[in-house]
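For reference, the chain that follows is the form predicted on its own, supplied as structure tokens.
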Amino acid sequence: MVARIDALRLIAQEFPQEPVVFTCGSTSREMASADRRDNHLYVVDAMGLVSSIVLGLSLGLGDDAQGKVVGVEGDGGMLMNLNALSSIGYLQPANLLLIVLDNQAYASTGGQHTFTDRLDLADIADSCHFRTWRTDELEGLKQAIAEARQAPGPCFIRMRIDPGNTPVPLLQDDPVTLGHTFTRWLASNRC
């Protein structure tokens, strides 16, 4: 398996000009430390909301979206908001891609165990009418992204990653500032 920060670097490389929304805690901190960009929305202090945010973005942008609207969630956050999968599956936004980095733990809050050792989130997404991929290596993630780019959505990639966090500085920006940076980028690149 792969460290989360390596998967995040690949995701940033694959989506340099698309809106990408990152889940709270260690994921946002690692991404901001590795490759901070204005097209990234770091959802600090709001666990489980990435799928809802990318649903709203994908519906709002509609055919104006160039490429996919990408959400990067953890297994813990996805478990906190499973109902978003049913909403996305029902609405079928063609431009939505949700990538779940699954380390079977609530890594940002102390490493408590999640249920994904027995529940496959890709199975749940599949039952909600997503196109799904599963991988546990970087080459598999790169291939899944390439296929998801070409497929009408909604698309879902479950990437198993190593547990643990990479030691990086805290992301101490005000969430309002982070949101403003992203919406300014979105307005200048999408409207």
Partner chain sequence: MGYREDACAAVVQGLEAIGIQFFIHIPDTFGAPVITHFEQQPGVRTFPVAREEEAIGIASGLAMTGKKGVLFCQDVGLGNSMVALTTFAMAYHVPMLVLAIRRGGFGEFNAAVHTYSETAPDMVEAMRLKAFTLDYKVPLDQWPRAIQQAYDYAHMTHRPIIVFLNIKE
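Positions refer to the first chain, counted from 1. Keep in mind it's a predicted model, so treat the numbers as computed, not measured.
Beyond what is shown, the protein has a form predicted together with its partner chain; the following relates to that form.
**Q** Consider the chain as shown here, without its partner, and state which of T183, Q13, Q17, Q172 has a heavy atom within 4.5 Å of its partner chain in the model of the complex.
**A** It is T183.
**Q** Only one of S52, N39, N165, Q143 has a non-hydrogen atom within 4.5 angstroms of its partner chain in the model of the complex; which is it?
**A** Going through each option in turn, the one that passes is S52.
**Q** Even though the partner isn't displayed, in the model of the complex is L119 close enough to its partner chain, meaning a heavy atom within 4.5 Å?
**A** Heavy-atom contact with its partner chain at 4.5 Å: absent for L119.
**Q** Classify S87 as contacting or not contacting its partner chain in the model of the complex by the rule of any non-hydrogen atom within 4.5 angstroms, answering yes or no.
**A** It does: once its partner chain is placed as it appears in the model of the complex, S87 has a heavy atom within 4.5 Å of it.
**Q** Looking at the partner-bound form in the model of the complex, is D123 within 4.5 Å of its partner chain by any heavy atom?
**A** D123: no contact with its partner chain in the model of the complex.
**Q** State yes or no: in the model of the complex, is some non-hydrogen atom of A151 no more than 4.5 angstroms from a non-hydrogen atom of its partner chain?
**A** Judged by the heavy-atom cut-off of 4.5 Å, A151 is well away from its partner chain in the model of the complex.
**Q** Among 156-164, 131-139, 30-38, 43-51, mark the stretch whose residues have heavy atoms within 4.5 Å of its partner chain in the model of the complex.
**A** Stretch with heavy atoms near the partner: 43-51.
**Q** Could you pull out the residues of 6-28 that have any heavy atom within 4.5 Å of its partner chain in the model of the complex?
**A** Residues within 4.5 Å: none.
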